[in-house]
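Shown below, as structure tokens, is a lone chain in the form predicted alone; questions about how it binds or moves come after it.
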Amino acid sequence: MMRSFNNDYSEGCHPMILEALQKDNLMQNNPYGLDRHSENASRIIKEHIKCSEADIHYLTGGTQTNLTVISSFLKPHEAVIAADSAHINVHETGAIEYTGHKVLSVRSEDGKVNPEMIESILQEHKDEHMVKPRLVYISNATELGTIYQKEELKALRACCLTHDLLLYADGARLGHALCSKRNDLTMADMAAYTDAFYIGGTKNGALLGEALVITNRKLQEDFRYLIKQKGAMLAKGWIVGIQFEMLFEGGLYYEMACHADEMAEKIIDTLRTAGYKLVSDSSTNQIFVELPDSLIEKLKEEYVFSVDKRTAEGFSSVRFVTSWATKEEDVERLINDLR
């Protein structure tokens, strides 16, 4: 049997979520996210983020959420600033550009965006002959597994306010970021220092779904119209609402993310001790490491993981990902083989 460290969405969902879906399966619910489960989940999340005026919407996936948000928030001539490794720049098949909005990417070694990078883009785009930067896109955790500290997020917020820019955070792996041992942010901080962000469920134990949180009241108007227009409004919205009820009623969201981070930490510690070169200073559930090609071929006999790119003669960068469902015995086996 192959053991997968390929991603954090290979399994269906946590058994408690599946049980809740089964329990409500034959109950009748209002459609389009106006059901009691979605309303209750929104109430819980608003209390959790300490923002009663937040507008919360449930969408099915990360790419869909990013496309809906960015294309709705921006005017036709406006653009988004992002790190070169950002999901919207690399892994969304040009979805943002397809809506008519250019992604202005900046080189980032750690996957994060800082005020200096924003300033450099603004200096290059000064008049109407170029697109106008309007929104800054960040990911927490980033696509390289790194996380933002509170002071970094506050600095980004200050920079955006100075230049009248919107700050939007992709939270596909937000749980893993908040559960990192290096983290000093809370979910309430994410709400306080961004105009909008989403809480990822797909990559943290949900069957599917993301909870979009819009805190900037100017951006809330008519947003349900925009969701529907872009084909993102789910008729059976309660399917996502039920899941976020379960994720946040008793702390399951953090419990699962913490497990994934702890499993990753075991692997990272082994890689460091064995002298392997870590490609990214990740403190979450994504591990990027340079391995000999001979070892990679041997590991492929028993494990599923991603091979990124050739880094040197005879060496390549690979990615291991742990999840809420990663078994400790599988981690121990991988650790022993790496040793």
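Just so we're clear, the structure is a prediction, and the values are computed from it rather than from any experiment. Quick note: we count residues from 1 along the sequence shown, nothing fancier.
The same protein also exists as the form predicted in complex with a further copy of the same chain; that form is not shown, yet it is the one meant from here on.
Heavy atoms within 4.5 Å of a further copy of the same chain in the predicted bound form are found in one stretch of 264-272, 178-186, 248-256, 87-95, which is 87-95.
Here is the short version: of 122, 155, 208, 192, the single residue with a heavy atom within 4.5 Å of a further copy of the same chain in the predicted bound form is 208.
Here is the short version: of 286, 42, 280, 63, the single residue with a heavy atom within 4.5 Å of a further copy of the same chain in the predicted bound form is 63. In the predicted bound form, residue 106 stays away from a further copy of the same chain, with no heavy atom inside 4.5 Å.
Interface residue remark: residue 29 is counted as part of the site for a further copy of the same chain in the predicted bound form, having a heavy atom within 4.5 Å. Interface residue remark: residue 163 is not counted as part of the site for a further copy of the same chain in the predicted bound form, having no heavy atom within 4.5 Å.
At a distance threshold of 4.5 angstroms between non-hydrogen atoms, residue 77 is in contact with a further copy of the same chain in the predicted bound form. Contacts with a further copy of the same chain in the predicted bound form, taken as any heavy atom within 4.5 Å, map within 127-146 to 127, 128, 129, 130, 131, 132.
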